[in-house]
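Consider the single chain below, provided in structure tokens and representing the form predicted on its own.
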């Protein structure tokens, strides 16, 4: 049997790639497992990531991170991970038709957004009209006609957040799940609440259109935010009896360690503040903790 890999990183978004960069510079062996669906690929251009004053697209950032690794070694690459099993102090990482032994595993599997039922949503996303992160790009919505798509207080809080940037913010919701206190807050902030006809949301002519329940078109929106929540990608933890937080995210300590030895997590899969800069910081913490843990185990370079 070949020597175990020092770390299998599951996920090739910013968190996974930055962790790989650190570990390669620590002269550790690394395998990056990925499905090719990083959430970062959805970003047409971000002006919220430090060091890029003109902004940077998600795919461009991922490619730069991959290139940045090259002087320090070449990681192995694998596809989707199907399962994790403990193997003494190590881990068995199960791929289709392949079993990899790893001393440590870092989950950087992220989250998946719940998309609104919007005709031509992909085109709206690529043109920067459909968005998912007011923290990332609320500034770019200044004085635009903005809609937030979602129900309940979560979507209402996003609408209130965006009200700082625009005098015209509408919550597209039936309002049924709003608390009484939140309904008052929306009214006092000047945020409209509009019910929409099923299937009427559509992207056309650079704007998003919607119809009310009677079929009348509302005025078009320049920017819309999906606020339907996310699904943390924690499937691999289900068989390991690991607790998740109230939002379904992985629970880690200050060194990004999960409650099982040798398991770590970083990025959006960990907590609700889904920001690239946060993911990068957590990746640095996790990679350093992994290196130090292996050093304490007196695991030599292979």
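Residue numbers count along the first chain shown, from 1. From a predicted model like this one, the values you see are computed outputs, not experimental measurements.
Same protein, other form: the form predicted in complex with a small molecule, not shown, and the subject of what follows.
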Select from the listed residues 91, 221, 132, 203 the one whose heavy atoms reach within 4.5 Å of the small molecule in the predicted bound form.
132
Please pick, from 207, 191, 182, 125, the one residue with any non-hydrogen atom lying within 4.5 angstroms of the small molecule in the predicted bound form.
125
Is the small molecule in the predicted bound form close enough to 30, 68 and 258 that every residue in that trio has a heavy atom within 4.5 angstroms of it?
no
Is there a non-hydrogen atom of residue 279 within 4.5 angstroms of a non-hydrogen atom of the small molecule in the predicted bound form?
yes
Give a yes or no for residue 37: in the predicted bound form, does one of its heavy atoms lie within 4.5 Å of a heavy atom belonging to the small molecule?
yes
According to a 4.5 angstroms non-hydrogen atom cut-off, is residue 217 in contact with the small molecule in the predicted bound form?
no
Interface membership of residue 236, the small molecule in the predicted bound form, 4.5 Å heavy atom rule:
yes
Out of the stretches listed (68 to 76, 192 to 200, 151 to 159, 101 to 109), which one is close to the small molecule in the predicted bound form, meaning heavy atoms within 4.5 Å?
101 to 109
